[in-house]
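Just the one chain here, laid out as structure tokens, in the form predicted on its own.
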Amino acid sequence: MKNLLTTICIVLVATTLFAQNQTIVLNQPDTNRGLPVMKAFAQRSSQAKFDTLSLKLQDLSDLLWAADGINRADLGKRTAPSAMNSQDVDVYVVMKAGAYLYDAKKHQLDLVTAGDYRLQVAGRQENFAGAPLFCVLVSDISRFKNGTDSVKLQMAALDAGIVSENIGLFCAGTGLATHPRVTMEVPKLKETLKLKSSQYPMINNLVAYKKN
């Protein structure tokens, strides 16, 4: 009973934290956690079943840094490579409290739109809408200095795929569940995320704790 009450308190505190703040200041990433890389590859899988419990702040912090955080502060370089170092991919986090944009330089989440828009990310696959959060990977092709729009979209797909794989390996190495997806209600989501015409939602990853 004591453990149950403790868990409930943690969930309530986390929900309040995410619901009340325009900005969620993330913890410093724990770069010592997780499985060795080859074991993480051995554990990597897409999970269709998951717990609906909200992620703890440290797990959220580590997830976003692993996805596309800054790992070489002196150069501003990221954990995920991008074509011509364009850093075209932005990570939007959609959860019950709202849609947030990950600011890698400040390592924080900034509120874009309050409210629960997870169903827009789930799209026609409504069974995924109960996931505690989605990482929506959006490419701004205006950051590519060369190439036609067709070529830029190809590079955008590659860059988003790399960030998605970072998420997959992080989840495999830390025991979290994830599922990469392209299904989503793109027109509605572009409005919710307040995207420019040059920004394209490419892929999304639900992230959750594994279902017991």
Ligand SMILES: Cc1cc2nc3c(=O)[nH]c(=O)nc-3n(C[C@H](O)[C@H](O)[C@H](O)COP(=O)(O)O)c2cc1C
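Each residue number is its position in the shown sequence, starting from 1. Computed from a predicted model, the values in this text were never measured in an experiment.
One more form of this protein, predicted in complex with the ligand, exists but is not displayed; see below.
> 54-62, 147-155, 175-183, 25-33: which one contacts the ligand in the predicted complex at 4.5 Å, heavy atom to heavy atom?
Stretch 175-183 is the one.
> Please tell me which of 125, 108, 71, 87 lies within 4.5 Å of the ligand in the predicted complex, judged by heavy atoms.
Flagged contact: 125.
> Is residue 203 a contact residue for the ligand in the predicted complex, using a 4.5 Å heavy atom cut-off?
Looking in the predicted complex, residue contacts with the ligand include residue 203, since a heavy atom lies within 4.5 Å.
> Counting only heavy atoms, which residues in 36-60 are within 4.5 Å of the ligand in the predicted complex?
Result: 44, 45, 46.
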